[in-house]
Every structure is written in C-alpha cells, then in structure tokens.
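What follows is a single chain, given as structure tokens, in the form predicted alone.
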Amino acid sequence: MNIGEILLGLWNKSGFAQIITGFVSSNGWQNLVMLVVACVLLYLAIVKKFEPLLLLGIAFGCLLSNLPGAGLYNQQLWDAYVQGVPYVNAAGEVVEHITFTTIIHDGGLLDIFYIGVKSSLYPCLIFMGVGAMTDFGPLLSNPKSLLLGAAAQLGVFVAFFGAVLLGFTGKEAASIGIIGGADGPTAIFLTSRLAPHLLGAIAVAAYSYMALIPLIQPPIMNLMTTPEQRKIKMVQTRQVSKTEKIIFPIVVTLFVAMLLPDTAPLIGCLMLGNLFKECGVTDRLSDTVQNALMNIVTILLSTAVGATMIGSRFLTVETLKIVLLGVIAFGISTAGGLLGGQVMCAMTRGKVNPLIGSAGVSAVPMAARVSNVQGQKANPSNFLLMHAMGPNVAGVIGSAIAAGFLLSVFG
C-alpha cells in the first residue's frame, strides 16, 4: 500500500482540488462565488432576520449544491428531464427516458428534495398552511377590499411586458412578473412549471423583496398619499358569522377553480386549510397543518429552491435583469394598490384610508402591519391593521388567480 498514492487520490477527489482545477479549465470560479453568496444570504437570514425561516434554507441549499464533487444536485439531470433528451449517468449508461424514478435512482439528496418543487407539491402544501393561519373575516366584512387585492396585481403584468421587452420568452416573462404579487409559494409554483431554469433567481428575488417590505413600501406610500389622508380613521367593520366563514372557502374554490382550472391546486389547498380552521370539527388537522406540516415543507422547499442556485445558471446578466424587474414589479404593485385605495377614498368621501391599498400585495401579514404603522405615524390613535388585512388576504387570492391566468396562457 502506497501512502503517497492514497493521499494523492484523496486530494484529487476533494472539492478543494476540483475547485482549483476548475479555475484553470472550466467554471470553478462560479462555484466559489456562489459559496460566498450563500454565506452572505446566511448572514442576512441569521443576523438581519430577513425571512429567516425560508432564507436560511435557501442559502444552505445554495451552499450544498455548489460544493464541488458532492453531487447533491445535478442540473444536467433536470435539464434532460425537462427537455426530454437522453441522459448519461455516472456509470456511463445512456438513459433514454428520464422519470422521477430515474432521478431518485441517479440523483443526489437535493434532487430528491426538488421533486416536490417540480411536482408543485411543496407550494400547494405551503398554501394549505397559509390558509389554516388566515382569517378571511376582514375580507368578508368589507368585500370591496377584493378590488384592492386585484389592483395590487398591476406590477405582475407591467413586469411581464417589461421582461418581454428585455428579451425574455413569454414563459420566462410570466415567471418574472409574478414576483410583483409578493407571494413566494406562488412564484415557485409558476416558475417550476414555466421556467425552472430561473427558479433560484426568482425565488431569492421574491423572498428578498417580501422581507424588505418595511423598507420598500413606506416611501411609495408617503409619495402617493397626503398627510390628511394618512390620518383618516376607519370605523370598525361588522362581525362575520361562523357560517359565512365556512361557506366562503367552498364558494371561492368552486368559482375560481372553474373559472381558471390551472389555479385549482393553489386555491384548493389554500381554501382547504382555511376550512380546517373555520369548520370547528378538525382542530387537530388545523394545528398539524399550521405547525408540523408547515415547518417540514418549509425546510424541504427552501433547501430545494436554494439548490437550483448553481453558479453557471445564477451568475448571469439574466439574473440581474430579474432582480431589477422584481423590485419594479413590487413597487408598481404597491402603487396599484394605493391607487385603488385613493379611488375608494374618493368614492366614500374620505371614509377609507388609502394606506390599506398597499396591503393588497399578498405578503401576509407583513404588508398589513406596514399599513398600520404608517397610519399610526400620521395619527397615533389610528388602527388600520384589521382593515388592511382584508386587502392583504385578497392579495393572496389575487396572486393565485394571476398565476393561474398566466399558466393557462403559457402552460
């Protein structure tokens, strides 16, 4: 046994050797940059607390998939699956038809995790958890707030046309535009169907902007409203009956899923989770969906999405365009909701505070909290939280409908 040869063999198989060799012969520098990016994201999640429940998993998934030689995530395997072309596995065998079974057999750990993203399982389960944690009472007590949720989807379609002008395909533009809905699971759901190669960039952009709502929205809110409007106090909404809360998820599922069948998985799971919460006979299921299931799926979803942040795919001009279009989409969606709020304020002769329109983006409940905070800065006795929750939960439904529309057009 030659100790020197053993040590040399270990060195040649190590990630250190592969990344050094990559600098000379291929794209090893990209892996190194992505490892740095992963550490930056970990810092933002742990120290700055930017959406830590998701960003931590995304960052660590990015770190794992860019470890040279680890083989935890194989982009070429997924490319073969999407394109329907043969794949040569590690044993040199040609696999003509790639299935999920092939991926489980030949892929790494993160490839198996990613099956839940590609099959849309994780985003739908996340929506079930969101439904179980959401109270649609504020929306039912003031149905007009549905219009504010619709108005706040303006950025989705503006960003879509902007992406087309920048050279993206229709499917890619649809996936980029949905960032404006400020709904991470919906963005992942749509992108995994239409443009999976952009999933890492779009997911990071979507969740980053959701985390930055307290920084992005207030300047737009102050620009588009007057101090007098921000001081408007809204009257207490009516009490919603238990029967209304039970009937609502059933009616919405029937109407929306029949209108746009492609959105049935998201809307169906959202409303099923809410029905678990409201019906009063499935408390155990509601608790499981809100806590255990939600936590498990969050871990799998975030890690799998982070795994798609491969250096060769992420470090491109397209990623910079996506980040830019994403913040534009988010800003325009906020402005669209505020415009809707201004219209309602005028139509009700000053009874509606236009600040609640900014909560029409579907980042629940953060956007509603920002509306409340801005209202209290103008008038310390102003409490807009429950009024803003109506547009906020309407935005969840609105973003799912927007995704269903885009999927029906481009899917």
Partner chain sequence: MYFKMPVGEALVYALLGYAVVFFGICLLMAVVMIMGKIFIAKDKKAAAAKAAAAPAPAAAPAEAPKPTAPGSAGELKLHDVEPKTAAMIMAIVADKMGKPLNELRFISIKEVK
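From a predicted model like this one, the values you see are computed outputs, not experimental measurements. Positions refer to the first chain, counted from 1.
The next section is about a form of this same protein that is not shown, the form predicted in complex with the partner chain.
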Q) Of 279 to 287, 69 to 77, 235 to 243, 104 to 112, which is the one stretch near the partner chain in the model of the complex, taking non-hydrogen atoms within 4.5 angstroms as near? A) 235 to 243
Q: Could you check which residue among Val82, Leu324, Leu259, Ile296 gets a heavy atom within 4.5 Å of the partner chain in the model of the complex?
A: Leu259
Q: Work out which of Tyr207, Phe127, Phe160, Phe330 lies within 4.5 Å of the partner chain in the model of the complex, going by heavy atoms.
A: Phe160
Q | Interface membership of Leu154, the partner chain in the model of the complex, 4.5 Å heavy atom rule | A | yes
Q | Gly167 within 4.5 Å of the partner chain in the model of the complex, heavy atoms | A | yes
Q: Evaluate Lys144 for contact with the partner chain in the model of the complex, applying a 4.5 angstroms cut-off between non-hydrogen atoms, and reply yes or no.
A: yes
Q) Leu320 near the partner chain in the model of the complex, any heavy atom under 4.5 Å? A) no
(Q) Taking a heavy atom within 4.5 Å as contact, would all three of Ala150, Gly398 and Val409 count as contacting the partner chain in the model of the complex? (A) yes
